[in-house]
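Coming up is one lone chain in structure tokens, specifically the form predicted alone.
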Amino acid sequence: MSRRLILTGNDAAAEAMRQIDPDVVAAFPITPQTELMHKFAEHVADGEVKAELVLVESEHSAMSATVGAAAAGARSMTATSANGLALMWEIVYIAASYRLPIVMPVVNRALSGPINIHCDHSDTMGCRDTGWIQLYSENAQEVYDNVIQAIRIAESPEVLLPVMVTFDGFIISHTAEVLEALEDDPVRNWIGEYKPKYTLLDTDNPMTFGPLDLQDYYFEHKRQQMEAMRAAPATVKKIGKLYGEMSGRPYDLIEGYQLEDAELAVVALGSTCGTAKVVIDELRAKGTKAGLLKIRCFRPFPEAEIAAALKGAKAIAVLDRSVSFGAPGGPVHKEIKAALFGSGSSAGLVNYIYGLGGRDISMEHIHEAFADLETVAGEGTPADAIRFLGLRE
């Protein structure tokens, strides 16, 4: 049922999209996402998919076209990165507010300025409260798997929310890896035909999209979105389990690595998790009880699962590849701190900002964080609870 392929992260996303064969894909290039849509355009040109590829003049138009197609009942996808996501901003909120099950790979890249085309998480972290589900990927295999799962998550009747599948620009998007890809028929049968309950084209049951919604019902509609997001974790877990039964690769909201008895723990997202695992193996060989908590699903945030996974840790390093300016920590750190509050955890918690604008995160940097945690485990959270990895003095 599977094939071993050598694909970049962009090509892995395009391969998943080819197998999904959505009805409509709106495309606009932005580095480092461009090759993703180039590859999918090749599949369209070669007749390998039936999808309608709509070439637009901007990312704002890409999301607008995707929203229109989804509202009309089409299975719809697009992709973007960084400044392109920022240009979509208005329509990103609209897609979630209309409960449209759009799937969008987002190749993580720093937001300007100064101009930078390399990886950090400032783009999708800035989108964390837009109402989209967010799945982070560690490598090209997870990019492929997450894009396929995202379709069923988004289209689940109890959810009906758009999904971002994120992966690190250049580090994953342009690096070739060996991955296991499923055959076409099992993927398409597993996804099934999309049968929307409400569409603009159902003349027997007319629908209104985009009405003025003032004090009378706006609050209630936001509450409905909140309830959909509350239902999403169970659906993400269910779909991850079902996908595992088909592929042999089950997925959950989070993943622990050597975490069961860990006294020192690192929390991270994306490609950094792979580097952290190697460091943890080295530390374990020397007798240090080190572990990793990888967050796959950042929205909705799996608060209870994270608190349970970190309950045994004496010191925790939270790695943030973005900055929340003016806040007492990065976006991930704030969420972890909130999750642990009231859980009974007495762990010392240190926030590390790293990798902005594509700055490399090395094994030495993660060793440095674990060395800090040795001290924190005995002394508690330090006064300078925000630190930096790889920053020039």
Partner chain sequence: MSEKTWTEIPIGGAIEEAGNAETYETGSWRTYRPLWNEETCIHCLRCWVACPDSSILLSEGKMTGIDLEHCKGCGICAFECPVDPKAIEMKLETDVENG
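Bear in mind the structure is a predicted one, so any value in this text is a computation, not a measurement. Residue numbers count along the first chain shown, from 1.
The following text describes the form predicted together with its partner chain, which does not appear among the structures shown.
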| query | finding |
| --- | --- |
| Exercise: Gln258 in contact with its partner chain in the model of the complex, heavy atom 4.5 Å | no |
| Partner contact for Tyr93 in the model of the complex: its partner chain, 4.5 angstroms, heavy atom | no |
| Cys127, heavy atom within 4.5 angstroms of its partner chain in the model of the complex | no |
| 4.5 Å heavy atom contact, Met207 and its partner chain in the model of the complex | yes |
| Which of 281 to 289, 221 to 229, 166 to 174, 249 to 257 lines the interface with its partner chain in the model of the complex (heavy atom within 4.5 Å) | 221 to 229 |
| Single option in Ala71, Ile306, Leu160, Cys273 placed near its partner chain in the model of the complex, where near means a heavy atom within 4.5 Å | Leu160 |
| Sole residue of Glu193, Glu245, Glu183, Asp216 within 4.5 Å of its partner chain in the model of the complex, by heavy atom | Asp216 |
